[in-house]
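Below, in structure tokens: the form predicted on its own, a single chain.
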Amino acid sequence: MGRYILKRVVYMLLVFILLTFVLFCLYQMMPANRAYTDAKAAMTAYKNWPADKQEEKFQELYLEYQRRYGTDTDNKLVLYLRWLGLYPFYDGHRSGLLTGDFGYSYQYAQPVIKVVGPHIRNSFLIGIFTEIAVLGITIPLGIKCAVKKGQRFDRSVQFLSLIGFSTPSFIIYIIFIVIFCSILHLFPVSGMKTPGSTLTGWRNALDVLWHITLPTICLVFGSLASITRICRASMIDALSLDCIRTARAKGLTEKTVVYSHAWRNAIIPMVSIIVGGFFGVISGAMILETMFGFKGMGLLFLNSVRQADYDLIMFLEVIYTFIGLFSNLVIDLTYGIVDPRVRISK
């Protein structure tokens, strides 16, 4: 087990370096130049100078800002190593990801770590409630559909899940907003808290929960169809195994057969969905967050791309890359725990 984990960690590091380097090179092509912008802004103090002197001063300021930001070269490898904190800047100092300097957001005028923190918390808050609700509904529903395969209940759920699976998510969000906000007036249309409120403690927590309830319902509804169908198919396959027929032949109750024997075999294909969904809560839901004005990771990433906030974009990509690699490791280890037949020691 230890050797396997060590190999996977080394593999994760190599993939992380490769992915971040590719992303770094891609985002370097963005039409944004911090050094040029800041040099232009600093030239306002010299607007009364002669044109030739202004041009000379601008080139001086431009080079100064390039050296400050570490962009005084076109070598992509050097720029990437500086971003990581492994290659020195012009004056010899090192500053980058590995030194704890994650960059500065010009859009929010503060370090990116302070910008990302609240958005991760918001995405995790709505995501964890969604994941618990989805698994609490889809797993029992999928099991019941498999047990009652072909009956009226199963056909009804399959029909409704097909509609939900085929409907675009933004259409579902619009319908829910119209019903619950415009007609029933049960939930606010957007935001994280009541505008102008000064609530604290439990009252503030309840106000936040009231605002995130409808987005959570929308996310749950959007996930029900696909996960229910997967759970149903996995359970049907498990119920057809020889060991299940043997368990029934031994006289075990149907409840014991379904929940103690069949479900243990059916959960194996569900591992990637359950574990992946748990880690995916931090990545955010871009369409939902945009429509509900929810300050999560998805909306933050969209706004950072719109504003060409380079340091913030790269830090978000680092988070997404790490989540993807780490979740895959956890999924592989979980397979070995759920199914002892899966060898993970080699």
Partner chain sequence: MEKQKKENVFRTLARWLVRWIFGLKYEEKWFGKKQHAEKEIKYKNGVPDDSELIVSPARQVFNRFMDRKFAVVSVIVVLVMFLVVFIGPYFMPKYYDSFTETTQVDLPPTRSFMAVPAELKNDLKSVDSYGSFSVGLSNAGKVYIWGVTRIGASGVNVKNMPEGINDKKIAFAAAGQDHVIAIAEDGTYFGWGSNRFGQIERTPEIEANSNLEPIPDEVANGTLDPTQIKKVTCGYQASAILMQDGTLYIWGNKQTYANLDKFIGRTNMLDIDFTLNNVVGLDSKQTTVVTGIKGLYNTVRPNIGAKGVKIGEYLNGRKINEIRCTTKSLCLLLDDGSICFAGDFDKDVVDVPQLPADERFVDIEGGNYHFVGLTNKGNVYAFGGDHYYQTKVPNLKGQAAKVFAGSFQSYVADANNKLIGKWGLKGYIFGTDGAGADIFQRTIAGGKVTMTVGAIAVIIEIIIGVSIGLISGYFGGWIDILLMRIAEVFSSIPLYPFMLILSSLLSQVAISTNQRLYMIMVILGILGWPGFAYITRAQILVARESEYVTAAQSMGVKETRIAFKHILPNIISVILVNMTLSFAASMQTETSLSFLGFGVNYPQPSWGNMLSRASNATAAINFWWQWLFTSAILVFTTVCINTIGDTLRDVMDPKSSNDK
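Numbering follows the first chain given and starts at 1. Model, not experiment: these values are computed from the prediction.
There is also a form predicted in complex with the partner chain; it is not shown, and the following applies to it.
A.B. asks: Go through Tyr69, Phe279, Phe58, Tyr320 and name the one with a heavy atom inside 4.5 Å of the partner chain in the model of the complex.
C.D. replies: That would be Tyr320.
A.B. asks: Considering the partner chain in the model of the complex, which of Cys243, Ile137, Leu199, Ile174 comes within 4.5 Å of it through any heavy atom?
C.D. replies: Of Cys243, Ile137, Leu199, Ile174, the residue with a heavy atom within 4.5 Å of the partner chain in the model of the complex is Ile174.
A.B. asks: At 4.5 Å between heavy atoms, is Thr290 in contact with the partner chain in the model of the complex?
C.D. replies: Thr290: yes, in contact with the partner chain in the model of the complex.
A.B. asks: Does any heavy atom of Lys47 come within 4.5 Å of a heavy atom of the partner chain in the model of the complex?
C.D. replies: No, no contact at 4.5 Å.
A.B. asks: Using a 4.5 angstroms cut-off on non-hydrogen atoms, would Phe21 count as touching the partner chain in the model of the complex?
C.D. replies: So Phe21 does not count as contacting the partner chain.
A.B. asks: How about Ala42: is it within 4.5 Å of the partner chain in the model of the complex, going by heavy atoms?
C.D. replies: No, Ala42 stays farther than 4.5 Å from the partner chain in the model of the complex.
A.B. asks: Select, from the options 138 to 146, 165 to 173, 77 to 85, 125 to 133, the stretch whose residues sit within 4.5 angstroms of the partner chain in the model of the complex by heavy atom distance.
C.D. replies: The contacting stretch is 165 to 173.
A.B. asks: At 4.5 angstroms, heavy atoms only, are Met30, Arg306 and Asn328 all close to the partner chain in the model of the complex?
C.D. replies: The answer is yes: all three residues contact the partner (heavy atom, 4.5 Å cut-off).
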